[in-house]
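Okay, so we've got the same protein chain twice, two forms, each given alone as structure tokens, structure 1 and structure 2.
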Structure 1
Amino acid sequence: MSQDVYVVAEHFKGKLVEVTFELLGKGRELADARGENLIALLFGHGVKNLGAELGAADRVIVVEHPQLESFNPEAYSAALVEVVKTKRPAVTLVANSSMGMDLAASLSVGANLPLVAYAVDVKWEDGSLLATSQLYGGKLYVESQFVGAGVVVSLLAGASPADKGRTTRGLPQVEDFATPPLGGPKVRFKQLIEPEGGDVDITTQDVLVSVGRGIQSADNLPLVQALAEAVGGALASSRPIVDSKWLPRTRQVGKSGVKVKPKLYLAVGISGAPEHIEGMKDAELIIAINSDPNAPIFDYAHYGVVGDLFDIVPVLTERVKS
């Protein structure tokens, strides 16, 4: 078994996804701590050129095949398992994304390796790997320690700054890996359906007031809408609001919605599930209002108010207006 650290790079529509650089940053830290190599894994078809953007890695292993052109969990998992079983890295880092959750579990089973999911940190300590996971929406943290055999770690978005993964050590060496037999997967990619544009493109807004399940009812949405108008921003939401059909999907922030980077993100009644954090963590200023002092959103907010939004929002709206 090698002592190298492997990172599974994600890409979408010909571009590397932001979380890839977060993984590279953490991977670089782990590899440097033991004087080992950082290897990036790149799966797809016609994606070898993306290897030049993975300069934080020492090498890039590329697996290309027409069946890997668009993400297919069966085909990607078969390729990933073969690479890891052949190379036997000490650690394989995968994003805790919609793609990564498919791959991490399959890799754990296919390569017979332990898996740590929902990790917020991973480091070497006394010669073994120590991973910290966030469970139950951030209400519980668990430490897992591993000695010897390789391990798969699924990292939450924001676990490591993306800027650390954008540092370059020069053009990494690119290595082609023979594509294993992919067979005829039961899951087949047919087409990508993207949501139609709504009345407001929340990805272009400087100010967003985002509402969560704490609003309790669609009848209470005007309360938060008034605050959004007062601060000159747009109304956004977490997934439960969209699932309840109180707002259109174009207003949803998060892993299954859109990623936003406003100058101000005001989270009202949002607990801060990892899926939502992934969509708004890069906002310049985050302010949270929640009645639960232990809500995970406060771990990411620059400023927070613990209290009933129905008491706070009307007063805040009036103060802003005045």
Structure 2
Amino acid sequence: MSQDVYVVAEHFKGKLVEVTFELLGKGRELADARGENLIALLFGHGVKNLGAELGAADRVIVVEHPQLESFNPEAYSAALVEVVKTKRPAVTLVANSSMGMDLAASLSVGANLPLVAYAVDVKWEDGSLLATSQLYGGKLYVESQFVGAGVVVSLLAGASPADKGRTTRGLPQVEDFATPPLGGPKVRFKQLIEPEGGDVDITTQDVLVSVGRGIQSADNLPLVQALAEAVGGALASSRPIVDSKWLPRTRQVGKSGVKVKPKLYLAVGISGAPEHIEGMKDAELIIAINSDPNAPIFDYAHYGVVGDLFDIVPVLTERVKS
């Protein structure tokens, strides 16, 4: 059992993704608190060059194989389980991303390690790890303490600033790890499917009026559409609106939707689940209208209105127009 802290570096289309640096920042903190090493894990095919960007880590361990070319839940998990079983780190940090959701639990079962998910923070306290998770759609925080050692924690996006993980301590040493058997393959990657274009690109808009399940029915959408037009912006939405087929997928803001950073984000009838927050928390000005005074969206908005959107939106639209 080593005392090192391991971080799974996530990359997509040949580039490291933002959350990797957030993990590195948090990992650095955990390692420094005890004077231990931070190790970044890189799985892929022809990805060794990315190691140079992981300078916040002391070392980078690379597993390469054609089967790891694109993310694959089976092959990546097999590689991760083998490295962790061999090296036995004190902590392994994984992103609570689409890929990480497959990896963290597969690692936990494959290497028989305790797992806490949805973490917004993790720290040492009296020699033990303490993880704080955001649950119940962001309405409650839960602190977990661990029974076993060698824990796996999956971190929500935004849990730690990425800048910290970009601070390099020089070129890290990059070492190969012999590729273990990667399974089956019972899961075979076929292709990437890109979103259809042709709709408004909400990532380039200065003003977004974003609508959530509080709108109740597609018939009520013109109400928020009118507000969007009045303020000279575009209509965006939370996921359920898109899943209900009321708006095209291109309008979805959040974890699986797009990340937006408009000058104004007006959230109407959106609760502010962590998966939605991930996509809009960096907007310059966030104003939220919600009938529930405890809605988590108010923890991220700059200004909040507790009230019925059906009372407020039409009046606001009228006044903006005149």
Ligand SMILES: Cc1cc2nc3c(=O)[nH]c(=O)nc-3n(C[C@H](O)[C@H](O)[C@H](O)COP(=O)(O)OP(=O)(O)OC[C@H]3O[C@@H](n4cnc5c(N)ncnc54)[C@H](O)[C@@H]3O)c2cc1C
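What you are looking at is a predicted structure, and each value in this text was computed from that prediction instead of being measured. For numbering, take structure 1's sequence and count from 1. Think of the rigid core as the biggest set of C-alphas that the two forms share within 1.5 Å after superposition.
Here the chain appears twice, and structure 1 is the form predicted alone.
With a cut-off of 2 Å and the rigid core superposed, residue 248 has a Cα displacement that falls short of the cut-off between structures 1 and 2. Core-superposed comparison between structures 1 and 2: CA of residue 12 displaced by less than 2 Å.
In the core-superposed comparison between structures 1 and 2, residue 263 has its Cα shifted by at least 2 Å.
Aligning the rigid core between structures 1 and 2 leaves the CA of residue 289 offset by 2.4 Å.
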